[in-house]
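Given as structure tokens, the chain that follows is alone and in the form predicted alone.
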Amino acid sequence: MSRAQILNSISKNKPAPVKLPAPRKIFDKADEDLLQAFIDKAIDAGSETENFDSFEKVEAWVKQQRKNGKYVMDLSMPAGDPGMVDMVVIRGQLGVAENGAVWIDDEDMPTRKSPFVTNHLVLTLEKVKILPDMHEAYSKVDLDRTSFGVFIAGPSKTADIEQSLVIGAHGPIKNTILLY
């Protein structure tokens, strides 16, 4: 049988299209505390969380890291080599209670590689920007506005090498989310 005959046969024997089911709601905003669900999932993913009542307290936390001798990179600094810094601070645009992930894009990064080559990634996130699930999160992400973005859920980890868990194999060893 020729390639054309095989492809023709396949195209004639396709099943009828089926309408996709509506996305199921994982959290009902009225019944579920999205903030606590987000914190629980972020911790499950290996992140640490800090809860603040204002952005000024987040800024004070970052300043304290600098006073403690850490080299901290954020958008207020000129883009350098993030691999030479102890900590990179990036503003998160939205969080997902379903999995503890935070969306960031190149608008908020000193460099595109910065969230992946530092030892400690710190993401700041407004509590009101926590959404219930990835369906709602994807509906809010504006891909026409940015050329690069990523959801980050926890520090880098893999068990591909001899099935031993390695933290920081291809990204930060530590991930902290500062909620305000």
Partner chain sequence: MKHARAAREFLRNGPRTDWHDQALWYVRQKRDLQKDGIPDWEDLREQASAIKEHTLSNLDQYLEEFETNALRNGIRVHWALNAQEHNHMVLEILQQAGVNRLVKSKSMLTEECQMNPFLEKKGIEVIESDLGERIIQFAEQDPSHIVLPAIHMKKEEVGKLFEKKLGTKPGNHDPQYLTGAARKHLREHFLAAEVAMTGVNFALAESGGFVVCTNEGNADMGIHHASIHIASMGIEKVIPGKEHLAVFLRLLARSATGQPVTTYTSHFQRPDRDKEIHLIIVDNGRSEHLGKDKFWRALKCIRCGACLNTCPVYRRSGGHSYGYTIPGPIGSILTPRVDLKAFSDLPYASSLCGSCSDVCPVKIEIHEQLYHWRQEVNEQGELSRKKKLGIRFMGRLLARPRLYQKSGKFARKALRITPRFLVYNRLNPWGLSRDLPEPPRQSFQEWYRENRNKS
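Numbering follows the first chain given and starts at 1. Only a predicted model underlies this, so the values are computations on that prediction, with no experimental measurement involved.
Beyond the structure shown, there is the form predicted together with the partner chain, which is absent from this document and is the topic of what follows.
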item	value
Touches the partner chain in the predicted complex: residue 119 (any heavy atom, 4.5 Å)	yes
Distance check, residue 67 to the partner chain in the predicted complex, heavy atom within 4.5 Å	no
4.5 Å heavy atom contact, residue 56 to the partner chain in the predicted complex	no
Any non-hydrogen atom of residue 133 within 4.5 angstroms of the partner chain in the predicted complex	yes
Stretch 1 to 23 - residues with a heavy atom within 4.5 Å of the partner chain in the predicted complex	2, 3, 5, 6, 7, 9, 10, 11, 13, 14, 15, 16, 17, 18, 19, 20, 21, 22, 23
